[in-house]
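Next comes just one chain, in structure tokens: the form predicted on its own.
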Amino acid sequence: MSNIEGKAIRVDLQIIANMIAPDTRLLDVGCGSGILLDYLVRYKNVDGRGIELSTQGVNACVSNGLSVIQGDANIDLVDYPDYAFDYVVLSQTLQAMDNPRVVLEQLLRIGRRAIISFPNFAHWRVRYQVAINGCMPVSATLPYQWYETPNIHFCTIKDFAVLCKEMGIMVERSVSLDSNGSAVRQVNFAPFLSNLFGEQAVFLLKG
């Protein structure tokens, strides 16, 4: 029995899973220990592959029968052919990329659709911590101190929406999530409120 089997996935990962059609091909970039990938393979009959930087994550995936290779999304995405997948997922990793715009271009070259999730640096608690404490914020979605964080390109929901518009990327669906990872509102219907009250966001994109 898989170590992952039977475990409930996080609510935000469930939202991502709900955006993915059954019986499709998918690449999970930065797949970690493979919880989302395992769920999609098991319950949506997805032909799922993964790429993960950490040896620990790759070993966990492979030991559970998942097709995952070790690689760095900053440099290795160029090796994948155009439209090799129906979906490419990048969950909670975009802000750690060397060049997020280039990575986004690669995701939409490799996949017919891309699903991106990221922490929102404009959430009211983040604004409050900076304004009142004068320090970089630490929270559940931003859990690192400034001197040890892997995040090098923080952005807001508004920033990301503007980038998609500049790049000519179609946003098919966008959802802001609360501190529990539950959907709170559709970004396109309430952009200001989503940017203020969403701790993180999930975007379904088409190039």
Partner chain sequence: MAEIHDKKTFDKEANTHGFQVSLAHDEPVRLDCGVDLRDINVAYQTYGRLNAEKSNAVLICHALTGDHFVTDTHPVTGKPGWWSKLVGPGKTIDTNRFYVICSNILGGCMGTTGPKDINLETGRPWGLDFPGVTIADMVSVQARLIDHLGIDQLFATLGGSMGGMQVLEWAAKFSERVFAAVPIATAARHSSQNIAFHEVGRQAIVADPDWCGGNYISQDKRPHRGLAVARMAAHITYLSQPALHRKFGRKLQERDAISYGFDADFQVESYLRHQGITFVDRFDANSYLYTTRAMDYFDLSSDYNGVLANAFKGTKTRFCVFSFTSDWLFPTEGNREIVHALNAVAANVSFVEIESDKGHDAFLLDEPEFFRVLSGFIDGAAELRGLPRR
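Values in this document were obtained by computation on a predicted structure and should not be read as measured data. Residue numbers count along the first chain shown, from 1.
There is another form of the same protein, the form predicted together with its partner chain; it is not shown, and what comes next is about it.
- Look at 177-185, 29-37, 44-52, 154-162: in the predicted bound form, residues with non-hydrogen atoms within 4.5 angstroms of its partner chain sit in 44-52.
- By the criterion of a heavy atom within 4.5 Å, residue 139 is excluded from the residues contacting its partner chain in the predicted bound form.
- Contact check for residue 134: no non-hydrogen atom falls within 4.5 Å of its partner chain in the predicted bound form.
- Among residues of the shown chain, residue 62 is one whose heavy atoms approach its partner chain to within 4.5 Å in the predicted bound form.
- Residue contact check for residue 69: one or more of its heavy atoms lie within 4.5 Å of its partner chain in the predicted bound form.
- In the predicted bound form, its partner chain lies within 4.5 angstroms of at least one heavy atom of each of the following residues of 75-114: 76, 79, 80, 81, 84, in sequence order.
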